[in-house]
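Presented below, as structure tokens, is a lone chain in the form predicted on its own.
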Amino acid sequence: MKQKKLTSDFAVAGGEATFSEILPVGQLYFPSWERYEAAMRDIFERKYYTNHGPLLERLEARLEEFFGVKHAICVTNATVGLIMVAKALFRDGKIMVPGFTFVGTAQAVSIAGLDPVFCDVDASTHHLTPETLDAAYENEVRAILGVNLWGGAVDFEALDLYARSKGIPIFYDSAHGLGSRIAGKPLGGFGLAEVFSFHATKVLGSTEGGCICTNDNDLAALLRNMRCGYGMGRIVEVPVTTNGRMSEAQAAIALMSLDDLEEHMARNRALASGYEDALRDIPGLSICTPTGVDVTNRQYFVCEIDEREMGMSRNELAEVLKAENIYARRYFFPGVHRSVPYAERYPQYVESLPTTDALCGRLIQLPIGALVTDEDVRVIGDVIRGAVRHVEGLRKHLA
């Protein structure tokens, strides 16, 4: 790959792109074709494609053992899982949720018929704290929906104490957290429930899908009966049913991904270590290390950009990288409280989350996962370093 020695070498200035194909940010870990083909042939020979089949039962049993929880309930995707938990708990009221999260977190609250109360986050951890929750607390709040980011975690003990002081439950969007551990204990058993994503961009993928973990027997019975129209297990009255079932094909891929999980997490950590070397001492760039855990899945590599020190904004850097076929993401952007339709429905929050607004303007996610090599990481570091050196010449080519 040609080094970027001159401004004209950069793709935004008319030069050749560093990568001939797009380098995405998602994990995209998949089993080999041979393993995939054998699993799919097994499903087709058995002619059992969905409706809580044997592979799904095996997956749920393995996940319960992996997470160390009583119940792991697999669903179509994590958003459906969050909707189900919220709807199982409440018919109306408000749920506290960070503005700094994927929009699906808040959408799950809305689809369940509840109102989000948007909270700010801590500037260094990017997570909810008792202080940010207390600053946003309102009457009619029925629960807290925390979010665990970047392969890290909130301070579970502190948030649990806060929730208890208000007499309300807390549950978690842990879409980023599968495989991360605190003092040897995996995420999954904290709060009333935790919801995980098996999207292809996550470290354990089933192309799509997710699961709800809980140690509450009554909540688990509700969720199993809500997951489809005819219920499973102990029959209980539910507020609504949904087609939230996971297919046998998804379960098969998830089982293979679970077999490979430790290898994938180790690979992510090696890539992250490479980034730390490649990005060392770049002015205005700081690496966001996952907090609150002893072991991280490292499925995201996120950096914070200080425009004054670097000389270019996060958006300008993202534009330079995109032209080089390095698809870095502005993660998250914008904050949910400024997104459609929330800014119009809940205008009281638009100017009330200054830390969230600052993070949404400064963070960038770099590629990490199955399609990224050690050499790619080194090259990405060189491109960023070169962009900083040539920032004045590049600026006239940027939007």
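Computed from a prediction, not measured in an experiment: that's the story for all the values here. Don't overthink the numbering: it's just position in the shown sequence, from 1.
There is also a form predicted in complex with a small molecule; it is not shown, and the following applies to it.
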**Message:** Heavy atoms within 4.5 Å of the small molecule in the model of the complex: which stretch in 318 to 326, 243 to 251, 192 to 200, 86 to 94 meets that?
**Reply:** 192 to 200
**Request:** Evaluate Gly205 for contact with the small molecule in the model of the complex, applying a 4.5 angstroms cut-off between non-hydrogen atoms, and reply yes or no.
**Result:** no
**Asked** With a 4.5 Å heavy atom cut-off, would you call Asp120 a contact of the small molecule in the model of the complex?
**Response** no
**Message:** Within 4.5 Å, heavy atoms only: does Phe102 come near the small molecule in the model of the complex?
**Reply:** yes
**Message:** At 4.5 Å between heavy atoms, is Thr79 in contact with the small molecule in the model of the complex?
**Reply:** yes
**Asked** Just one of Tyr36, Tyr331, Phe66, Tyr48 has a heavy atom within 4.5 angstroms of the small molecule in the model of the complex, so which one?
**Response** Tyr331
**Message:** Quick check on this chain: which one of Leu222, Leu285, Val302, Val147 has a heavy atom within 4.5 Å of the small molecule in the model of the complex?
**Reply:** Val147
